[in-house]
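The chain that follows stands alone, in the form predicted alone, written as structure tokens.
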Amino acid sequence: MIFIKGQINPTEVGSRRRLFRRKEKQPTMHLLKQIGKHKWDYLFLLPKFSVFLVFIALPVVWAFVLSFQEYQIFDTVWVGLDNFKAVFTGDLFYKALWNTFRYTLVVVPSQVMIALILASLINPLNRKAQTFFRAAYYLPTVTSVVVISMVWRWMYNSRGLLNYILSLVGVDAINWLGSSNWALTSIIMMAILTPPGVGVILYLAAMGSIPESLYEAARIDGAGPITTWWRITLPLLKPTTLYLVVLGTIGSFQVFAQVLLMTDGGPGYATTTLVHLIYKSAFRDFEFGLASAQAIVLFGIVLIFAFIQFKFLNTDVEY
């Protein structure tokens, strides 16, 4: 058969089509082959994934749907953006946001700084001493928040430990949890004085990964311990600091158990936080749509804070 120059060969077209179809099938076949190869891995991951799907992923999606509804058991009404309008026009939301922001602004930097100082003091010690202090500072973190809150509530009692200490130096008793001026400060004090075990462990691990040659070069150049810590250790711990700041910010914006057990948001909404407000809207007032809208707004606020923190603290160096 003779073909004119530039004319397409039917045989060549057919072979190209078969090749193209074969290439289309290859990714699918490769994916199925990989799944079959690692089927036991996926099988072991299935229980954890199922728990995540049922108790985290689906509730998040359902909360997003509820935020556009006035939810009732037998008569649910689609209200669009009315719940979000109610969130932003309510004075109580801004009060709770301000309380949460004040709590975060004080607690997160304090806990990160305390963890950094403690880790810097523990790092030069020998291995046995480091192990002891790691355990000493980490063990309180596995204690229930409920237990810690009840202990501090007793300490803040009118006849508790703190007022007893104040009486020894001639200072009148303070109504720690019953005064709008002291209630939020009391909760902040409890958070700051709780040992930051996770931060200490992470900082010690990061300090142990910094090359010793950097410190040797600094000592040769005549740098002292404080200069070495400021010029070498602190900058190289920036990724760990970023992680702790982001994690601490997320946790502080979700502060709830301490508020519920110690003050229940009072007195006069002085300690009402965002999560406590969401709890009251959902499980006391049964306004599930409004509570879902508040939760979506809280998610947006935390996302903005995390983005800002990554913008200013992110670095390519990791230790």
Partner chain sequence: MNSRKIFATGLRVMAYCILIVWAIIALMPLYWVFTTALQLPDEVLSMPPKLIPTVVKKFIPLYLQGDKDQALHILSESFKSVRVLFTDIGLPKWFFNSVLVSVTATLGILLLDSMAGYVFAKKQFPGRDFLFWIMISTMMIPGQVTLVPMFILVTKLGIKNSLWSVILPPLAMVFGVFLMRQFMKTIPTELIEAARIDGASEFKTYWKIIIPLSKPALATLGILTFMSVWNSFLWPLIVLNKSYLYTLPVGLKTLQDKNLVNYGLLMSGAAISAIPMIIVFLFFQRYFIKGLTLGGLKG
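Just so it is clear, the model here is predicted, and its values are computed rather than measured. Positions refer to the first chain, counted from 1.
Omitted from view is the form predicted together with the partner chain, to which the following refers.
133 is the sole member of 215, 133, 101, 84 with a non-hydrogen atom lying within 4.5 angstroms of the partner chain in the predicted complex.
The contact residue chosen from 205, 113, 105, 210 relative to the partner chain in the predicted complex is 205, the criterion being a non-hydrogen atom within 4.5 angstroms. Contact annotation: residue 252 falls outside 4.5 Å of the partner chain in the predicted complex, judged by heavy atom distances. For the chain shown alone, residue 308 is not a contact residue for the partner chain in the predicted complex, no non-hydrogen atom being within 4.5 angstroms.
Residue 240 belongs to the set of residues with a heavy atom inside 4.5 Å of the partner chain in the predicted complex. A residue is said to contact a partner when one of its heavy atoms sits within 4.5 Å of a partner heavy atom; residue 184 fails this definition for the partner chain in the predicted complex, lying far away.
Contacts to the partner chain in the predicted complex (heavy atom within 4.5 Å) from stretch 158 to 181: 159, 160, 161, 164.
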